[in-house]
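Presented below, as structure tokens, is a lone chain in the form predicted on its own.
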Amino acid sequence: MEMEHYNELNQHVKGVSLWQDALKRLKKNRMAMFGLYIIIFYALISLMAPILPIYSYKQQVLNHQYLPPSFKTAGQLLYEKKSYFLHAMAAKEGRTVLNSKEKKQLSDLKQSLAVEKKKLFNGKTVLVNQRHYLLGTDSLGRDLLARIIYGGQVSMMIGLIGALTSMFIGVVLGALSGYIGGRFDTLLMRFVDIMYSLPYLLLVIIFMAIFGRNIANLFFALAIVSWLTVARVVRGQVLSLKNSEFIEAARASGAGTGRIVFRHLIPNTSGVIIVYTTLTVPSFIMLEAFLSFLGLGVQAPFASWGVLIQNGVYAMTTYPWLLWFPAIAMTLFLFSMNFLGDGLRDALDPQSKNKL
């Protein structure tokens, strides 16, 4: 039965839970809410990618290599490219107009572009030059917009799964270490210290080099040594709570170690866990992007934002859209995650209750 609360004027006051209070304060943080809306937008685009009116991320049209961003069709861009080339050659020869042979080349090209067809992966035959590439194409004639959307799927999945895996390992081990204490705590913390002394990135690179470069191994490699900080943070929280009155009451009622840890201690550290998870996702995405620069990231035909940026770096002087668009997409998502993480930290921190 819910208890009634009254103030000093005997007026009824509706009780507010910790999470309701945190949500209220989070809504007052404009940057955090902006980050949340951007993240929701990215998530919806990624989930709806199969039904969006975009082209396949792996369909190659070699005639459409390095087409610039435009609302024009691919055929129009190819025709303009050929026309510009012929006019440049004519100007080099001192002519201001095209000769009959050059005009015939443009006429034949226009006709061929209008009727050229290509068979897609799904067996459907289309007029390939009627395509619109809003963000341009890459070196193999693939639609950059589609590759950014599907690359976002991979990058966000890497960040989310890596963060959740490291959270699970770190929370369980950190909570057990802090509550059980004794030799178990000593051995686990010394193991954490040893792992901290090793170069984290080097371990990931060695693991990927030994066990192969695929997405499953990438997930495992990123999560296997990223739980160390989480374990320490959760252990500290548990140490501060293990002698609290509600834990003593649970022990007196006959609750075992597992029930106390998983039903009482971990839920009371959920605020710290949620905040740390949101701040960990960007670090995993950045680490994957760095591994892609080393050739140890996601492998073709799949792509991630890191892979797209790596490909764009090599062509940034001639085809800058290959770098700018993936970089902007990744940067906006990373900033949004950081804004949301900072907002959650302030909203779930009791000491910041009166600051917002």
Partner chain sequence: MTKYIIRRVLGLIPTIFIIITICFFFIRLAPGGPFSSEKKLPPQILKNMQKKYHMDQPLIVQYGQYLVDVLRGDLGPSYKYKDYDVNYFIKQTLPKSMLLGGLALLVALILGIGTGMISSLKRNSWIDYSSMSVAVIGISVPLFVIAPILMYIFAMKLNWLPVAGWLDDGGAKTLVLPVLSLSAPYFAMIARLSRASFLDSLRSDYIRTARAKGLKTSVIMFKHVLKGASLPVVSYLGPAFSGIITGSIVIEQIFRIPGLGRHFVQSAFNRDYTMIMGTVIVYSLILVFMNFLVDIIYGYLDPRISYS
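Because the structure is a prediction, the values reported are computed rather than measured. Positions refer to the first chain, counted from 1.
Quick note: we don't show the form predicted in complex with the partner chain, though the next part is all about it.
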* Asked: Tell me which of 22 to 30, 55 to 63, 42 to 50, 321 to 329 has residues with heavy atoms within 4.5 angstroms of the partner chain in the predicted bound form?
  -> 321 to 329
* Do all of 160, 164 and 250 end up near the partner chain in the predicted bound form, with near meaning a heavy atom within 4.5 Å? -> no
* Hey, in the predicted bound form, does residue 205 get a heavy atom within 4.5 angstroms of the partner chain? -> yes
* Contact between residue 98 and the partner chain in the predicted bound form at 4.5 Å, heavy atoms? -> no
* Looking in the predicted bound form, any heavy atom of residue 209 within 4.5 Å of the partner chain? -> yes
* Asked: How about residue 309: is it within 4.5 Å of the partner chain in the predicted bound form, going by heavy atoms?
  -> yes
* Enumerate the residues of 176 to 206 that have a non-hydrogen atom within 4.5 Å of the partner chain in the predicted bound form, in sequence order, or give none. => 194, 197, 198, 199, 201, 202, 203, 205, 206
